[in-house]
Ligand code: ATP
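As structure tokens, one chain now follows by itself in the form predicted on its own.
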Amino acid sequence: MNVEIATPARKYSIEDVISCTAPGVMGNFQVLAGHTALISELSAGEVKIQMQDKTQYYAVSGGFLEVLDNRVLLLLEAAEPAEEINTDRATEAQERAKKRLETRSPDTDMIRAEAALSRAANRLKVAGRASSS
């Protein structure tokens, strides 16, 4: 099957995919060749694309996944391949978010700080996959 990942900034196209695992809002799920038609909402997390000779990982934000005619389309706010994640930048973002949550000033948007912390942690987790795949 083929997988397409589309964001406002970039598009990825991957052919000859064996399986695609995505972070659904109710939990992770896997799509295999011949899967029935499906549309699902996605949460932030990790997308794993398994091919015959390699596995690719992407840190993704929320969006939607559609399966139709042996094609998986992921429409996402953001997607970043594991090997392209800048771990220094992600670590700095994680530290900033932790600091904001610890200080808890009246000006701090706690929901935004928690989301930033979650995004940074996800990016670091996925970046670690680049060396193991």
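Residues carry their position along the shown sequence, with the first being 1. In this text, all values refer to a predicted model and were calculated from it rather than measured experimentally.
If you look for the form predicted in complex with adenosine-5'-triphosphate, you will not find it shown, but the lines that follow are about it.
Colleague: In the model of the complex, does every one of E84, R89 and R119 come within 4.5 Å of adenosine-5'-triphosphate, counting any heavy atom?
Modeller: So, yes: the whole triplet contacts adenosine-5'-triphosphate.
Colleague: Counting only non-hydrogen atoms, which stretch in 75-83, 25-33, 40-48, 101-109 is within 4.5 Å of adenosine-5'-triphosphate in the model of the complex?
Modeller: Result of the contact check: 75-83.
Colleague: Could you tell me if R96 has a non-hydrogen atom within 4.5 Å of adenosine-5'-triphosphate in the model of the complex?
Modeller: Although adenosine-5'-triphosphate is absent here, R96 would touch it in the model of the complex, with heavy atoms inside 4.5 Å.
Colleague: Could you list the residues in 1-38 that come within 4.5 Å of adenosine-5'-triphosphate in the model of the complex, counting only heavy atoms and keeping sequence order?
Modeller: The stretch 1-38, when checked against adenosine-5'-triphosphate in the model of the complex, contributes only A9 at the 4.5 Å heavy-atom cut-off.
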